[in-house]
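Just one chain follows, in the form predicted on its own, and it is written as structure tokens.
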Amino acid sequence: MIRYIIRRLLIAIPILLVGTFLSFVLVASLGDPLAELRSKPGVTEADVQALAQSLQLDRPIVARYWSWLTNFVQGDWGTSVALGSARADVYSVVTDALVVTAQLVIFAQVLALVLGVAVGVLAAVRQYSIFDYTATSLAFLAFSMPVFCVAIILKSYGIEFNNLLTSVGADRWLTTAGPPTGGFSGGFGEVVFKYTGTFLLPTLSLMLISFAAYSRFQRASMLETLHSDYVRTARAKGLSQGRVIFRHAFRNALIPVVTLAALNIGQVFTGAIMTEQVFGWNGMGSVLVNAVRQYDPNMLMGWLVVVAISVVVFNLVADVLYAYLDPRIRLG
């Protein structure tokens, strides 16, 4: 298993190198990061040229990439060149935002996987039942709604629900304008009350489409597995339905869902961008939007690299899970 993981890590290195180089070229070709600075009164061309030289903007693209890469692997991600946040450390900004977004993404993905797998298995076992038709209809409904639409709808209902609570003398529960800056304080019950109220709506917004995808893939995979020869053999031996499903069929039926979950991480980050904008979370979504709006190349590269590493890491986790779910993969 250790050699298997090392081999996958070695494969990931050239993928990251190619991905970061292409990203660097695309970001560098978007425009001049100092264009807004040039238009400011009192800024001379000498000032602009001095800043461009300090940021190595006057060097060839390959030399700039190599300089950026060597600094990046040493922990120096550069500084922001955007007006209003100039000289801000990219590493600090991106990692602080990643902590915020990671909480949302992890909760949403865990909830989507647990519910999606459970609903998919049950729909497959009870094929063509009322539950199966209901789950299918809800999944297609979730597929048809963009993330930002779901977020706006849930936020509107959350505000109405809070108004209902205050009208009967209760405290507002659902947070619709970002998590508290000072964290959660108070007793255990109060912390749980605030924590669930803060994460409930953004998590639901982000997990619905993933839940729909996981439930449909799990249902299709489970149906295929239940009709396989070794499952028929297990039933012919007189094993109970529960033992056939969870001991023989369930493990193999998980492999396509694990693949989808690993490939879905990029889409989840995209959904998190819109979800954070709707609910006022200062996470990776805000970093990307501000970096694009102000054309901050160093901040853009920091964001892109973090997302690329996340995708590679989740694919590595999926490879390890393949080896656990199907031991034959270890020999591949």
Partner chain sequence: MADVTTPTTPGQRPATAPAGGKASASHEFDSAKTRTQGQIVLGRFLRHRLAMTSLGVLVLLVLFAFVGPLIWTFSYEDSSSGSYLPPSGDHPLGTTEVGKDMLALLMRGTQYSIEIALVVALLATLIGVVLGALAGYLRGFVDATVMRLVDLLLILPYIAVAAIIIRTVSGSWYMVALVLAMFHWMQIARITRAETLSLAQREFVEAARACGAGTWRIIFKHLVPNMIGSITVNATLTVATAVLAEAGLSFIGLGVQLPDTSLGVIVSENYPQVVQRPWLFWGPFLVIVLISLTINFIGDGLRDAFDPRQTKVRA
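The shown structure was predicted, so the numbers you read here are calculated from the model rather than taken from an experiment. Numbering follows the first chain given and starts at 1.
Same protein, other form: the form predicted together with the partner chain, not shown, and the subject of what follows.
Student: Check for me: heavy atom within 4.5 Å of the partner chain in the predicted complex, for each of 18, 140 and 156, yes or no.
Tutor: Every residue of the spot touches the partner chain in the predicted complex.
Student: Just one of 149, 106, 165, 99 has a heavy atom within 4.5 Å of the partner chain in the predicted complex. Which one?
Tutor: Only one option qualifies, and that one is 149.
Student: Please run the contact check for residue 288 against the partner chain in the predicted complex: heavy atoms, 4.5 angstroms, yes or no?
Tutor: It does: once the partner chain is placed as it appears in the predicted complex, residue 288 has a heavy atom within 4.5 Å of it.
Student: With heavy atoms only and a cut-off of 4.5 Å, decide whether residue 192 touches the partner chain in the predicted complex.
Tutor: Answer no; every heavy atom of residue 192 is more than 4.5 Å from the partner chain in the predicted complex.
Student: Whether residue 268 contacts the partner chain in the predicted complex should be assessed with a 4.5 Å heavy atom distance threshold; does it?
Tutor: Residue-level check for residue 268: no, no contact with the partner chain.
Student: Evaluate residue 22 for contact with the partner chain in the predicted complex, applying a 4.5 angstroms cut-off between non-hydrogen atoms, and reply yes or no.
Tutor: Residue 22: yes, in contact with the partner chain in the predicted complex.
Student: Heavy atoms within 4.5 Å of the partner chain in the predicted complex is the criterion; list the residues of 301 to 325 that meet it.
Tutor: If the 4.5 Å heavy-atom criterion is applied to the partner chain in the predicted complex, 301 to 325 yields 303, 304, 307, 308, 311, 312.
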